[in-house]
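A single chain comes next, written as structure tokens; it is the form predicted alone.
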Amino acid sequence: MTEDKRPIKQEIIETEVSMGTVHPAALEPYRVRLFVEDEIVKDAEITVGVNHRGIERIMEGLPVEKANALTEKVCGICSNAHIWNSVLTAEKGLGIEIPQRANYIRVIVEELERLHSHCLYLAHGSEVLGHETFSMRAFYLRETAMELLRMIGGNRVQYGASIIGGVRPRCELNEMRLQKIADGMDTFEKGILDFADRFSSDPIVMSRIEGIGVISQKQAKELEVTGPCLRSTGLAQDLRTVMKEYEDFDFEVITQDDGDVKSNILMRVLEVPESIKIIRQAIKNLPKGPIIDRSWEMFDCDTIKSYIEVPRGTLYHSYGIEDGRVRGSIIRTPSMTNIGAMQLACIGDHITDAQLCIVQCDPCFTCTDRAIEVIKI
């Protein structure tokens, strides 16, 4: 009997694995289609749109002040960023110079929001990794920022600090509040350093995140990636360095070089001390004077545009003003382009790492669902 030496013909089978719109590992409703061969992702498709609520359409025709307040409802994590940028849009169009004390308070609130947002990212990321202990540690640390925001604005989620001309009277910072913020920053700094030490020294965790979900700097530029996700590829681009609201504050733009999940996590960890540094400068050098200028007058404006740096990247707001009402509002969040890039980040990795590759950009799908375009064929 002779042995058959003919080569065995192997058949490549492509399988589609669908996750969502509701999935245990997903932070919000969205759909992911993964096309895999031998459990390796060959292509991916992410579909959003489930959370669309038509906020920009609701803003159409509303009085500017009321429309500004509505933007807080775009997102519960970055609510201050939305109302601040919406207010900045009106102030730029109307030529309003806000008091310096009000600007410092706005920066404090925004950096506190950055702290709670980054901790939320670390907590949810740890959940996807399957490490509940790190997740609970991050959530516990986040409480410090949440309680300080509640003290300033009266709420843990939507603080309503910024209004046209400055900040609300309830957000004034007296000596007691300033001391509580200073004490909170000491607590936060100690907590994040302890978290970073434990997280980075865990060999099992590091083996799961190193070299996974890689995006090169060239790819990041081509796909218009923004924020920490862009800086994780080594590009030091942060709008705070050119925003006049931050010109009085010294801080470093943190970067990483590998563009993988590990770099994205380290970006958030290392940005926390920089936010603490900014807050400490703001409370130490808080100018005297009023917190709001009510001398401005409303008039018609063509489309006004405003860009700011928020925890996830560059946030864009624009609208015109006609008879004191908003016209043609457009909101573009950083997750819009970051999520698209994560489709590429999945390719080449094991299917079990796909969800981790997607959430590394800290996606906010509710923020992203701004509009639906219908093309008639």
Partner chain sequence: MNLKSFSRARAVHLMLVYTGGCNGCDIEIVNCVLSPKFDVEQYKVFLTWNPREADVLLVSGPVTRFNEEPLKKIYEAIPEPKAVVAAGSCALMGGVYKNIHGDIPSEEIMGPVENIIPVDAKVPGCAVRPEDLISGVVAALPKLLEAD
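Residue numbers count along the first chain shown, from 1. Nothing here was measured: the structure is a model prediction, and the numbers come from that model.
The protein also exists as the form predicted together with the partner chain; that form is not presented, and the subsequent description refers to it.
Contact check for V253: every heavy atom lies farther than 4.5 Å from the partner chain in the predicted complex. Residue contact check for I330: none of its heavy atoms lie within 4.5 Å of the partner chain in the predicted complex. When contacts are judged by a 4.5 Å heavy atom cut-off, L178 does not count as touching the partner chain in the predicted complex.
The partner chain in the predicted complex comes within 4.5 Å of no heavy atom belonging to E172.
With the partner chain left out of view, the stretch that reaches within 4.5 Å of it through heavy atoms in the predicted complex is, among 347 to 355, 313 to 321, 46 to 54, 330 to 338, 46 to 54. Between the options K190, K305, K221, R150, the residue in contact with the partner chain in the predicted complex by a heavy atom within 4.5 angstroms is R150.
Only one of D293, D257, D186, E132 lies close to the partner chain in the predicted complex, with a heavy atom inside 4.5 Å, and it is E132.
Residues L120, E127, E132, S135, M136, F139, Y140, R142, E143, M146, E147, R150 are the members of 119 to 150 with a non-hydrogen atom no more than 4.5 angstroms from the partner chain in the predicted complex.
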